[in-house]
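The data below hold one chain only, encoded as structure tokens and taken in the form predicted on its own.
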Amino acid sequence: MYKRNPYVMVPGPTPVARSIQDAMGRETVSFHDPRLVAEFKALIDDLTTLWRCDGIAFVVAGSGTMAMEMGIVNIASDEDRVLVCSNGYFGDRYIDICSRRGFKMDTIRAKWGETVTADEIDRRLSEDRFDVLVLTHVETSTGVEFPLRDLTRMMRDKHPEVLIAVDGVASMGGVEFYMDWGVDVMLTCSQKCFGISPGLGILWAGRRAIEKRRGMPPLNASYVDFEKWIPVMKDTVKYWGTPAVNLIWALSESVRIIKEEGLENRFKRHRHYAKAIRGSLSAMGFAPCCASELASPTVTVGLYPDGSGIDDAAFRGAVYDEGAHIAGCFGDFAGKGFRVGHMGNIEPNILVSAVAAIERAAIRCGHKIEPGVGLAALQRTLLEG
């Protein structure tokens, strides 16, 4: 019998819309082809305008981790002090990047499932001098959303001299944010809320970040240097490193979809779908890993009930066999639960199919729930929208 590929419900890659796949499948052309040059320029302009950036948007072939490194090395010199806030696995990755770069660094870590707060950051910045603050908007390992708006207001009032770099890998394009809130660097990658295949790092650098880089000595790196890429982003006929031609076609189509939907509508849709997913998992007896006010619109962690006897690998394998691919957990939550991504260009039928697969797998693994309980909760919330 015909069986379709499982729905990709991990926190990236995310499902790729047909029109984006078609764009990605366009004929590969030279990066000097005037059609690509014009579309690439329009794409950079759209990214800069949509997220209200007073500097430059960068689209560079590479991973989200590459974008993380690019985001910090261009605004922190050897003489600067960097404060890194971590809510989990990927916050710790930024600590590792800064440590390997040899920055003068201090850290604030939250318990898994919780978040560093604006008040904690205020206290630490008031105790000592720091030049750069680094944090994660949505922690992919826990599904916790950092209260970014609260932070930027506090920073403008009390620490306006400190530059802010934000890992928006699991948030940009799905969670409320604009550069004019007061962030200097924000970054993401193509396979999350933009709904494209992996392969692009996307980064926004505000005016202060660009000025900081220009005042710094030469970097001990070239590929991630703003100064190498700024001429290309300003005039896309120019060359530094070979652009990912077909992914640029795809990102251009993704941004067209975003513009058609409208950013504010997109943000509301992500929050609505997240509420529906959380309600369905709760109805099936899976516990949240964080308080509801911290739960992100793009990733949800469901923890297995105490005493359920559910084997993590067996359960996720069963979900895959039933038609959806969900992710395992990291760190403190490893083996104790699973992660569901619900970001990008998904729609209700995908959510219904994914929840149905989770529900069938749970029952097959011996979890005592009534068939349909998770789907009913999901549908009730979806119908509220």
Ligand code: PMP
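For clarity, every value in this text was computed on a predicted model and none was experimentally measured. Each residue number is its position in the shown sequence, starting from 1.
The discussion below concerns the form predicted together with the named molecule, not included here.
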| item | value |
| --- | --- |
| Stretch in contact in the predicted bound form with the named molecule, which is absent here, among 157-165, 133-141, 227-235, 301-309 (heavy atoms within 4.5 Å) | 133-141 |
| The named molecule contact in the predicted bound form: S63, any heavy atom under 4.5 Å | yes |
| Interface membership of A354, the named molecule in the predicted bound form, 4.5 Å heavy atom rule | no |
| 4.5 Å heavy atom contact, F90 to the named molecule in the predicted bound form | yes |
| M68 within 4.5 Å of the named molecule in the predicted bound form, heavy atoms | yes |
| Listed residue that, although the named molecule is not shown, lies within 4.5 Å of it in the predicted bound form (heavy atoms), from A209, A250, V183, C189 | C189 |
| Single option in I277, I196, I202, V169 placed near the named molecule in the predicted bound form, where near means a heavy atom within 4.5 Å | V169 |
| Sequence-ordered residues of 324-345 touching the named molecule in the predicted bound form, heavy atom within 4.5 Å | none |
